[in-house]
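Just the one chain here, laid out as structure tokens, in the form predicted alone.
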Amino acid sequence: MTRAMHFDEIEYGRRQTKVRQAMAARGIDLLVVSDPCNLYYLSGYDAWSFYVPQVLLLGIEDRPVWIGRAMDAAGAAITTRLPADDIRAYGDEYVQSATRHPVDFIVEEIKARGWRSARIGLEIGNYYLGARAYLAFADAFASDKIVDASLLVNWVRSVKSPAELDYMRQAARIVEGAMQAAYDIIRPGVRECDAAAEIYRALIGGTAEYGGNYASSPPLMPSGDQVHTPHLSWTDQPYRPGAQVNLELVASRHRYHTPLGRSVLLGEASPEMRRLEAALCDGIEAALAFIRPGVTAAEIDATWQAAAGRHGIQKAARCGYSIGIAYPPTFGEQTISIRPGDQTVMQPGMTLHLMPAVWLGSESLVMTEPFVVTDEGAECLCRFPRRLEVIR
């Protein structure tokens, strides 16, 4: 019982080899992968099952081993190429129990497979390895045998293969369609929730050639009195004449996420809004023209800040971050940040979200561009008009 894999065995082999090389450089014998993004990256496992502990055991030489809830073992067989002996499941007596924990089962499996004395890398800092799970590992193994390997796989993932980039470009086509759907429906009198429904339809329906998956973030689309702060979403209230809507949308294609941000104004733009628009557009254009292999994330930030600064605009928060595979609650890879001090050197195949949106208290504007670093510079993943959309 299998389904078409999104990547071939050669690609998975390359990924595992790169991760093993990073493990060896850190002196790690066994990596316990708990971030669902990294399980997917290394094996293809894909299910809404990350609310309970699930891991992939990756040794320096041994075959990967999936361990998860018994009812999800069939999903592992469907979405991966792992043989049956390397799909191990714990029973429901371990699930949300006060007397036992799935890590107890995982620890016994680790020991049974000969890793009792291994130096073990744990993704301690990710969202999915809870404190109780960590304490169970710490209780089972000596402290000098546990290594914090939180972002080891994430950094390997930061450079995408051509096949991965194809999916991100497809996600770009989907998010463009969703943004256009937002432009088409947002009008005075339309309820915000009805606009959100149309956006969701476009994000999941995708294009005639391919559809979308659920994304790691809902559409963020505050308006009216809420528009000058990020990370808020829709209400069931109708849009009012003169309202502004800041749209932060993200599409997912086979778990690869491409975001896009724009602002809509249901009325006339003030001189201050036009100043913000010019600052963001000039900053984005300058940053994209500057990006090439060898420059650092901090230098990209400085380039954007300099161009926007000529309009009197500065941004205190970071101006972007690495993107790719994602599951809730974030679509960032938690590695590269476009901000002062980040000395990460750009390499071909890196994908980032240039996100110089600004919230100034009384004025705000969202204008973003996802891009991939190429051999010559930067390729915008989206092809969507870069302007404040004014709807009268």
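Values in this document were obtained by computation on a predicted structure and should not be read as measured data. A residue's number is simply how far along the shown sequence it sits, counting from 1.
The form predicted in complex with a further copy of the same chain exists for this protein as well; it is not shown, and the discussion that follows is about that form.
Note that among 304-312, 291-299, 105-113, 193-201, the stretch whose heavy atoms approach a further copy of the same chain to within 4.5 Å in the model of the complex is 193-201. Contact check for Thr207: a heavy atom falls within 4.5 Å of a further copy of the same chain in the model of the complex. Using a 4.5 angstroms threshold between heavy atoms, Ser49 counts as touching a further copy of the same chain in the model of the complex. In the model of the complex, a further copy of the same chain sits within 4.5 Å of a heavy atom belonging to Arg69. Using a 4.5 Å cutoff between non-hydrogen atoms, Arg262 does not count as a contact of a further copy of the same chain in the model of the complex. A heavy atom within 4.5 Å of a further copy of the same chain in the model of the complex is found for one listed residue only; from Ala74, Ala142, Ala84, Ala163, this is Ala74. When you look in the model of the complex, the only residue of Glu272, Asp92, Glu268, Glu285 with a non-hydrogen atom within 4.5 Å of a further copy of the same chain is Asp92. Contacts to a further copy of the same chain in the model of the complex (heavy atom within 4.5 Å) from stretch 201-225: Arg201, Ile204, Gly205, Thr207, Ala208, Glu209, Tyr210, Gly211, Gly212, Asn213, Tyr214, Ser216, Ser217, Pro218, Leu220, Asp225.
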